[in-house]
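To begin, one chain is listed below as structure tokens, in the form predicted on its own.
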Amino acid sequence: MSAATAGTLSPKLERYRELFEKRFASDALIEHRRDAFNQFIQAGFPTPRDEAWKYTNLRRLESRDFAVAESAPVGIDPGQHPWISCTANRLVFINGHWSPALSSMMPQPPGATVLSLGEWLKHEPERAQAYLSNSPSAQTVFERLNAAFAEDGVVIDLAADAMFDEPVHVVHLWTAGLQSSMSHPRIIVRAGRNSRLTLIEQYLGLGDSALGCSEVFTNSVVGVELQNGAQMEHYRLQQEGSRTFHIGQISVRAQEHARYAIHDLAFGGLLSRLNLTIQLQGSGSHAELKGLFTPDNSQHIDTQTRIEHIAPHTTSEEDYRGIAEGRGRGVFNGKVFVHQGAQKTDARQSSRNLLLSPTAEIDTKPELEIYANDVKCSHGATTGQLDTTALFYLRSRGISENDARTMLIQAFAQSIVSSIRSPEVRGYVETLLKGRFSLRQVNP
């Protein structure tokens, strides 16, 4: 990574320093923020020379001048809202700031606490600081940038045996008419013994025509702690506009017999990247990862996963699928790391990819690194085009070429979509994909 020290900062890093000092000079968490910010400055932005960023060049992101986003009133017809209609437990964030008017929460079950991080920082800064200080330390450049600039988000704290009957739905919405702005939302989940939670993250923009020429930058961080026997089902839908830079980080630590399952669905953004790290620290813990990404036009969507089997008798399943068209580019790098002593590990990983045009590209790299001798681990990757035999068969049955292509594309994605347990989320995603691919024009 590029290094920078005080007095030798690049103009772009100096711009971040000016924003930081102006925004947080008198903040109650200034020491916590400044430590993270200085680490960010020392490291600088990653470059393609860093192996983890080999296929994703951040030069465009680094060259932009972003202001810190401000909240704005948004008039949305309750019947015309752009998000999933699946739960009464919803926290909506406008330009990174909580909007009470658009949010709704049912009475919280015994032992469960859900609150806005921004309100907590405002009203109980000392408790918030102690809570954040005990959270896992920021490991990556963008986690440190988030720790320095985070002003709002969600805190979910579940006591032993606590559970929500309805999902907690967190919506991040960019509004129209913004100058180039950045937001650093943060979600903290602490799930006690045998607790249960379903979390839905959804990132949205109001459309490129509304945003005009402005560009926005979302830098989100989610930290999850699962105690013995805790279960978490996680849905992440990234649908931001084509002038959005989106960097996301999810870190999960699972103790004995804890279970974590995620559906990572990436459809939007000009350039997006998700780093997903899961540590299976307790015997019997399990992780299930399902992913679908669909880069189109000049979109660049990058997904990096790392599953660490630290304790014995841990299991993981991973299935990612990519569909690229136009000049879209996708990247998938999935690594399974089996630590010494993690005997009886069972890990399976699959990456399948579909190219719909000669200019589309997907780079995939599944990896295994094993330091235990009694394990079952497998991985595989394929990249190809639509099956011409299947296409011919459908055409021979009187189905038009566009309809035949659409059927095959949707069938390719269906293995991921059909595994979504929430009927509301599944129906929403099916509608998105139908709109995306049903009017497909035949590529020359």
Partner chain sequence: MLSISNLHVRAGDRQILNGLSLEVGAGEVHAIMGPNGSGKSTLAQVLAGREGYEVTEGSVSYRGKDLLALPPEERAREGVFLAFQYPVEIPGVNNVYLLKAGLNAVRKHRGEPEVDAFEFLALIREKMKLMQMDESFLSRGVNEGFSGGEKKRNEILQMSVLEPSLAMLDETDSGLDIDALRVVADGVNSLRNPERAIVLVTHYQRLLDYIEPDRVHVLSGGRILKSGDKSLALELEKRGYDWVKQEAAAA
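Residue numbers count along the first chain shown, from 1. Predicted model, so just to flag it, every value in this text is computed and none were measured.
Only in words, not in the display: the form predicted together with the partner chain, which the text now covers.
The partner is not drawn, yet in the predicted bound form one stretch among 43-51, 27-35, 405-413, 64-72 has residues with heavy atoms inside 4.5 Å of the partner chain: 405-413. The partner chain is not drawn, but in the predicted bound form it has a heavy atom within 4.5 Å of residue 400. Interface residue remark: residue 376 is not counted as part of the site for the partner chain in the predicted bound form, having no heavy atom within 4.5 Å. Residue 60 falls outside the set of residues with a heavy atom inside 4.5 Å of the partner chain in the predicted bound form. Residue 390 belongs to the set of residues with a heavy atom inside 4.5 Å of the partner chain in the predicted bound form.
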